[in-house]
Each structure stands twice: as structure tokens, then as C-alpha cells.
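For reference, the chain that follows is the form predicted alone, supplied as C-alpha cells.
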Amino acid sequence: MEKLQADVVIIGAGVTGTAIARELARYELEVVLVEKEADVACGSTKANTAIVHAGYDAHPGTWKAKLNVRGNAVFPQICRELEVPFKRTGSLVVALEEDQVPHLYELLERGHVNGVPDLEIIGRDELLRREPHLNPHAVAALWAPTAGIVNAWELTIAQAENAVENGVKLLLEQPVIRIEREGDRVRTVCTPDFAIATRFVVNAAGRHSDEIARLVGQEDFRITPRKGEYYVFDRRFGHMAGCPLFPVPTAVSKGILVTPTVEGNLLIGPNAQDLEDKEDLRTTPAGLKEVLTEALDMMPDLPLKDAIANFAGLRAVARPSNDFVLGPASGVPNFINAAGIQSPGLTSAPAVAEEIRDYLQAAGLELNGKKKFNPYRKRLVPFRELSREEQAELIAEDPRYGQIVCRCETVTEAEIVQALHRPVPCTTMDGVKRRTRAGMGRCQAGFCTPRVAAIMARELGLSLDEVTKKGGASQLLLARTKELLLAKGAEAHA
């Protein structure tokens, strides 16, 4: 087991953990970011609605309310620094019945208390002018112009890349198996391959954060996974919603919405089902039917035959508070929680990072600014977004730009090669997909999978049967067909 030294160990490389890592990278600190999966953004971050919420929904006084509005305000700057696509689309909460209108005014008042700017109620005519595909019986809506849409996993990858480029050490495929204490202080974080002596630990382990907290004796919260199921529609239909369209929320969720994605797809979902199994990401006929039924109430002309994929994600709901769990564990002052980060966790991530920084400083961590901190990160520029002239110039410089690997999303061999050699290791098919969109189009990787696998094997020095979908035992290929037939024939003649 290799031994390391750190000032801070962060457990969990989702959008929250990587935001904290990037924030701490501003200072002269030794920071180690530990992730149990083969890539960053593999937990709740990989499957959610990717909306930057305005902040009217959370109850005043909660962490969700305090940090949503703060996080929203800094999103444009962060996305500009990291070259992450972000669109300030605004959002609408749509009342489909007259008796839902009073709830819009409750949200309006709650938003005013939370400090959300420029909220207003708009009537039916204005609503249908803005959103012509809405249910024509819609009555009114709450308009929140500061809401937006982003790509959650691209933001997370960007934060991780920027943190690594500024000195943070990232350890992938390293689940935390033990945390050692001396008295009331955490001293060492242990993974299968590393023993990391540290002054502070930040617990940003998503839906497993209660299990990490129990390693230091904290048992005053637990995480209940709440599953949400989604449909994704072809990119030809992203225009059908100009912004996220929410129904009037329920007690447990913001409801099943219809929204464009920042890449131009149309997305509907999620429903909300509390579970016991933290790994249950199955979609179900009943769940998908619920999503479709409620989305059709919002938008009756949804192009159902053009749904290209469905998926499920899990929110990390903290019990009993149903709020973010932030701050030192009781009796362990150098173990800081950033747990229970459910919606609006994506929006709040920058503000959560600032809160955790302040908790660490109050607990005794010296924060001396790093003179060479570079807040900027260069994006992997998508070939499909360039003009014909720009594409021709790139092909002239590197002929691999002329090799289209993913026909649906126009992803080139050059982009895949670049994705495999960036600051955060990309070693899985899912990792390539999230960095380039290869396999995310209409055919859902039916064409490009073998070509991406071959490029990965060549660039990473692997055999084809070592290429995995998401790390671990998720190999795409087990053996060559002829080898199996020959082995079977040999057995028959034995």
C-alpha cells in the first residue's frame, strides 16, 4: 500500500466533490480527491435533469434555499472560465388548472424571500406565445428568468481537469475502505492501494455519504436514494421547449418536467420513487408510463416515436432533515460533511464549495492563495460545431478529423484521441461518450461502438477484451467468436 500525505482528502468526485477540489486548488494545499469509480461524474451527477435552478422552490432558511441563489449567480463566470456550455434560458412553472394558480403565488412569494430576482406571473396568452407546444388549456405560469441549463457531467469533468491542472491529485477506482482516528481527529484515509495521512477529510460521497460518515462514528443522518426515470428525444425536437417547463411541484419533487438540453435534445422526467437499494438504476414500465403520462399533460404533441433512450438516476436524500448536511461531524472536528446533496445540488455546488472552504478554515486550515492558480480550462472543441471552413482547416492539420466515428453526433477520431489524453484519465467507453458524445445520438452507439473500442485499445495500449464500458468487470468483449468455436470443437473431439 502506497503512503501519501495531504492537507485535505475529498471523498467523492461528483459535481460537489470536484467543485470543492477546484475551490481548494486556489490555495497552497496538498489536496487528494478520491473516487471509487473509474471516472468522475459517475454517481448522481451522471443522470439528472441538468437544470440550473432559479431558487424559488426551496423553503426559506434551509441550506437549499441559501445556496441555490448564490450558486446560480456564479454559474456564468464558472462556465466561462471552464468553457462549459451554459444557457440562461429561464424557466416556467405551469399551472394547468385554475386551482393551481394560488400555488404559483406561493412560489413567487417564497422566491422573493429567498432573494430570486425578476420573478413574475404571466397569463395564458403570453405563456402560449412563448411556448406554442404547451397544453393549450394551460392557465398561467411563474416565469424565473435566472434559471438555465448546463451539461452536468461536462461541468464536473471540467472542474476536475482544472483542479488537477492546479495541483490536486485525483485517485480513481479507489473506494474508501477505512478511516483511522486518533482521539477525536481523523488521521488516515485508506483505500485498497493508498494510505493517505491527512489533516482534514471532506465527505462528498453522494448517496454513500452516510456510510462514509459511519466510518468515523457519525450516525445522525442516513441517505435514502430517490429514483427518477427519464426519456430522451432526438435532437430534432429540442426546439419544442424554449426553457424548462415545470408542473406545479409536489411535496417530494419538482414534478415531471419537459426541458431542452444544452446539446439540443428534448428531455422529460423525472418521477420520484424512494428506494432502499442505492444501486438500483433500472427503468420500469410503470415508472416510464408515469413519466410519459404526466409529460403529455404538459406537452400533448410530444414526438413519442422519436424517443431515443430512457434512463434512471438516483438523488441522495438525507433523512431526517431532507436538506443538505454541511459542516463538521459531531465530535470529529476535522471531518467535514458535504452530504445529502439532492436537487438543487448541481446549482448549489459552487456555493457548497465556498461553505466547505469556510468550514475548513474555521477548523484551523490555513488558506494561503496560490499565485499560479489558473482558473481557465480549454474545452475539447466539438467538430460538429465548427463551420465548413474551420473543419477543413482542422482536417488539413490532422487527417484524423476527417474520420467520422460517430455518424449521429459527427464525432471524429481526432476528438476521441484527444479525450483519451486529457488531464483526467479517460479509460472507459462511457468516459469517451461523456467527453465527446460518441454514442449519444439516434442509433445509441449501434454503429460507433467497435470503432471507439478499437481507438481506445490502440491509444491506451489495451487488448480489445480489456476495454470496459464503465470500469471494473464491464468488459465489452469476452473472447473472439472463432476462439470459442474452436474450443468447443476441440471439446467435441476430445
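When you see a residue number, it is the position in the sequence shown, counting from 1. Quantities reported herein were computed from a predicted structural model and do not represent experimental measurements.
What comes next is about the form predicted together with a small molecule, which is not displayed.
For the options Ile51, Cys448, Leu67, Ala58, the residue carrying a heavy atom within 4.5 angstroms of the small molecule in the predicted bound form is Ile51.
With the partner omitted here, the residue from Ser343, Asn151, Thr224, Asn334 that has a non-hydrogen atom within 4.5 angstroms of the small molecule in the predicted bound form is Ser343. In the predicted bound form, the small molecule stays beyond 4.5 Å of every heavy atom belonging to Pro399. Heavy atoms of Thr45 reach within 4.5 Å of the small molecule in the predicted bound form, making it an interface residue. Using a 4.5 Å cutoff between non-hydrogen atoms, Ala205 counts as a contact of the small molecule in the predicted bound form. Contact annotation: Gly238 falls outside 4.5 Å of the small molecule in the predicted bound form, judged by heavy atom distances. Listed stretches are 113-121, 408-416, 314-322, 388-396; the contact stretch with the small molecule in the predicted bound form is 314-322, by a heavy atom cutoff of 4.5 Å.
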